[in-house]
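To begin, one chain is listed below as structure tokens, in the form predicted alone.
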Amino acid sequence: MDLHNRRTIRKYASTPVSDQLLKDLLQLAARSSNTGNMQTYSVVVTRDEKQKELLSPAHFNQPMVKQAPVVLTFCADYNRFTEWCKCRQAEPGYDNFQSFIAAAIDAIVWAQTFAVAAEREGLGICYLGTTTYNAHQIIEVLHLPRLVIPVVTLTLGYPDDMPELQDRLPLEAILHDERYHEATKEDIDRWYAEKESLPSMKQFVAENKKETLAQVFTDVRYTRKNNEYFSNVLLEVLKKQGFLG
């Protein structure tokens, strides 16, 4: 697989993903780096159609959730490690925000390593950014216990469509030598010129009756109101699952 040409896949063939291939890829991905080699992550594999139906609303009913052969929910998981500590006469202290962040990072690294490995085998994935929006719903559907929180969901299957490559900002927009350098207006104009000039982006602006592409993001897609609402939802999840007092 050439990473220069990787695409997010939202339409999948009916070809099943074998259990052995899936396990091999997850085992391979487990070689990724993680905090203290504690592997404070878990994944819930969903193949059952009824379970996909239950998960779908948490992901705003995006069609790939029900259409993909496999849905993978990667979780920050300090439950297992905490139980190991208790069984070995050690006093765990992982019911805190720092532990959640560490476990979330490790779960995300594992998920991304898995994604690259899967794509190398000809599979396609779609990253669902909705996981932390409705984590409470996913926790209920998947019966996640205390100290387990979903952080990343991937849909997985063999591609049935090859979409166009998505645009990316030039490297200079995200690369900082030695220290962070704040962007000037001229920098912003230069870095976003290609994105804003794309016909698809211009259509996006027109369809949403906005003046600029940025307004589509701030006023329609990722609004302050929604961000604050889902922030509060996630904070409540962190409390309920034991990571915040």
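Numbers for residues come from their place in the sequence shown, where the first is 1. Here the structure is a predicted model, which is why all the values come from computation and not from measurement.
We do not show the form predicted together with another copy of the chain, though everything after this point is about it.
Put simply, Val45 is close to another copy of the chain in the predicted bound form: some heavy atom of it is within 4.5 Å. Proximity of Ser99 to another copy of the chain in the predicted bound form falls within the 4.5 Å heavy atom cutoff. His136 falls outside the set of residues with a heavy atom inside 4.5 Å of another copy of the chain in the predicted bound form. Using a 4.5 Å cutoff between non-hydrogen atoms, Gly36 counts as a contact of another copy of the chain in the predicted bound form.
Residues of 82-108 that come within 4.5 Å of another copy of the chain in the predicted bound form, judged by any heavy atom, are Glu83, Trp84, Cys85, Cys87, Arg88, Gln89, Ala90, Glu91, Pro92, Gly93, Tyr94, Asp95, Asn96, Phe97, Gln98, Ser99, Phe100, Ile101, Ile105, Ile108 in sequence order.
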